[in-house]
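Quick setup: one chain, the form predicted alone, written in structure tokens, and binding and motion questions come after.
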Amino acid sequence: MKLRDKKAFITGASRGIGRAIALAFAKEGASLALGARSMDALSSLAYKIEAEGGNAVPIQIDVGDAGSIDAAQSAVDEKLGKVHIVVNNAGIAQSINVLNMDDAHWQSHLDINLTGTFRVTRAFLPGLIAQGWGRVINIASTAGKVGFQYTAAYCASKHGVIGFTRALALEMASKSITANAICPGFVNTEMTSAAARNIAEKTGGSEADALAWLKKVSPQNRFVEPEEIAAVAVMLASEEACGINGQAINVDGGAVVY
């Protein structure tokens, strides 16, 4: 029970990577506040965790809205108490080339992926500092380390997440608070399936062919499973990871080797 007596807030917890992290944290003993826009999905996940002996409360949040973040932070304090761990997982990924990209597409990626990560962290940081112990875990991407065609807004936002993580890590280093990023490659989630559908639509090929092509981005010729990301998150959230700070850890089968 690596996270016994710890409390965590996870954004984007209703599906995919966020859901896997929530289940893994609960298994390790953490009490959870589950954040996302869909209360139905969150309530279902909270029920599952409670049925398995855990503790979880659903909290509605739109990380692209500053007022929603403030309201969520107050709700977490009221329903769960001050948290020790913040996982910034909520995000979007849409593709278009730069020439055809409008301001709304660009801004939405920055608002949700980057500014949302900053605002959520800022909202919960005083509580971490007051407790004298904390973990900030940001879900970035290998697109935060290298560029990919047709995803300039996404790449820019995730590069920003890594930069923010590194600066935060240095600011919090003397307060027993660490900040790290996890950088997944293509993960077996609905987001990857949506990317494959988009590729198929634009190329005239099949979704199956698009999925096969995306798998080949990894030298292992496979998608990473959400549970693999969750395992790294558990490690970073644990006491044993106190010396890991300011890192951006790839989980991509070796697609990006730095």
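Each residue number is its position in the shown sequence, starting from 1. Keep in mind that this is a model prediction, so the values were computed, not measured.
Keep in mind that the form predicted in complex with a small molecule is missing from the display, and what follows is about it.
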| item | value |
| --- | --- |
| In the predicted complex, Cys155 touching the small molecule (heavy atom, 4.5 Å) | no |
| Non-hydrogen atom contact Ala169 with the small molecule in the predicted complex at 4.5 angstroms | no |
| Exercise: Arg37 in contact with the small molecule in the predicted complex, heavy atom 4.5 Å | yes |
| Exercise: Ile112 in contact with the small molecule in the predicted complex, heavy atom 4.5 Å | yes |
| Proximity to the small molecule in the predicted complex (heavy atom, within 4.5 Å), stretch among 71 to 79, 96 to 104, 180 to 188, 129 to 137 | 180 to 188 |
| In the predicted complex, the residue from Ala233, Ile61, Ala33, Ala30 that sits within 4.5 Å of the small molecule by heavy atoms | Ile61 |
